[in-house]
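Here's a solo chain for you in structure tokens, the form predicted alone.
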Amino acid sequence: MTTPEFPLAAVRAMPKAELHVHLEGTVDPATVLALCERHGEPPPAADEAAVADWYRFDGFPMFLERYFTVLGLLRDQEDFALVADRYLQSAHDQGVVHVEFHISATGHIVENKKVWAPVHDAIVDGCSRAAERTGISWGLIPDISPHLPAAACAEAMDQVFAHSLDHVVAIGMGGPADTWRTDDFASIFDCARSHGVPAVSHAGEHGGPDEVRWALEHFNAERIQHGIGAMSDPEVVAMLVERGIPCDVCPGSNLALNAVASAEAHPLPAMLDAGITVTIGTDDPPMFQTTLLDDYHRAWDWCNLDLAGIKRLAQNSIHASYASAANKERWSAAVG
């Protein structure tokens, strides 16, 4: 049976939110070269095409090496503003009405010795520029990096909580889960909740269902980034369904980082069949040679969706977001 042609124009026109995208992972090849020139750094490759090739990874460790190289190029306030502005414009051009940026807060503060307030204010400035032009809505999710000690992360996040939280819609956890059980990250999420900030968490990307269970039970995560590893445990699947916990799945990322062996092996169809609330994201789009429309296209093909199925994914993204209730109602009505 031939899969019907992907309705690109209709999907582009459809209001949708992107809830799983890392600000630092949106730096496209042209911006990499511009940042290198600005800071007098040798570029990782000679031109945009070569940087795109540099962005092709052989596994997660190589990805992290590239990711932290880019993170180190974000130095001045204008760097952060430029990256935020450019991605929101790109998202708007794909019909996105709301973006929630994950930001490597502890990476910038602990590893790159930055102060949070100027970083935050620069990102807000860049997002505000894009919003003024396009009307796009946005929020920020400062992330904890668990390859760092929990005490260092807690000290860094104190800077986040001490600064303006007007645009901080949640805090997140991103990175390896090896230390979750042996170090005290849960207390950081407890502190966030005391400031009225909810939790989301990466889990079940390369790891299994125990990561998802831990994020739900110990971090009280309201959304899971990825979550594909949950499918091997019916109890964890039931937790996601019964609690209405959305999973922000990134099909192109999962392929690029070998989280799944192939498109055919991806559990996205099973997740939808199980009744899990799925949203579609890009994770780090230029690094994975993808766009949000590309990833909706993957969902269309892999899950044999029709337009109603695509609308369900768009509706999920809107309702799972931390956007205002008024915006959610308006966008949802426009999806139909």
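This one's a predicted model, so the numbers in the text were calculated from it and none came from an experiment. In case it trips you up, residue 1 is the first one in the sequence shown, and so on.
The protein also exists as the form predicted in complex with a small molecule; that form is not presented, and the subsequent description refers to it.
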Flag residue 300 as yes or no: does it have a non-hydrogen atom within 4.5 angstroms of any non-hydrogen atom of the small molecule in the predicted bound form?
no
Taking any heavy atom pair closer than or equal to 4.5 Å as contact, tell me whether residue 120 reaches the small molecule in the predicted bound form.
no
Is there any non-hydrogen atom of residue 284 lying within 4.5 Å of the small molecule in the predicted bound form?
yes
Determine whether any heavy atom of residue 205 comes within 4.5 Å of a heavy atom of the small molecule in the predicted bound form, and answer yes or no.
yes
Name the single residue among 130, 257, 231, 73 that comes within 4.5 Å of the small molecule in the predicted bound form, judging by heavy atoms.
257
Report the residue, out of 246, 174, 251, 126, that has at least one non-hydrogen atom within 4.5 angstroms of the small molecule in the predicted bound form.
174
Of the listed stretches (34-42, 62-70, 48-56, 271-279), which one has a non-hydrogen atom within 4.5 Å of the small molecule in the predicted bound form?
62-70
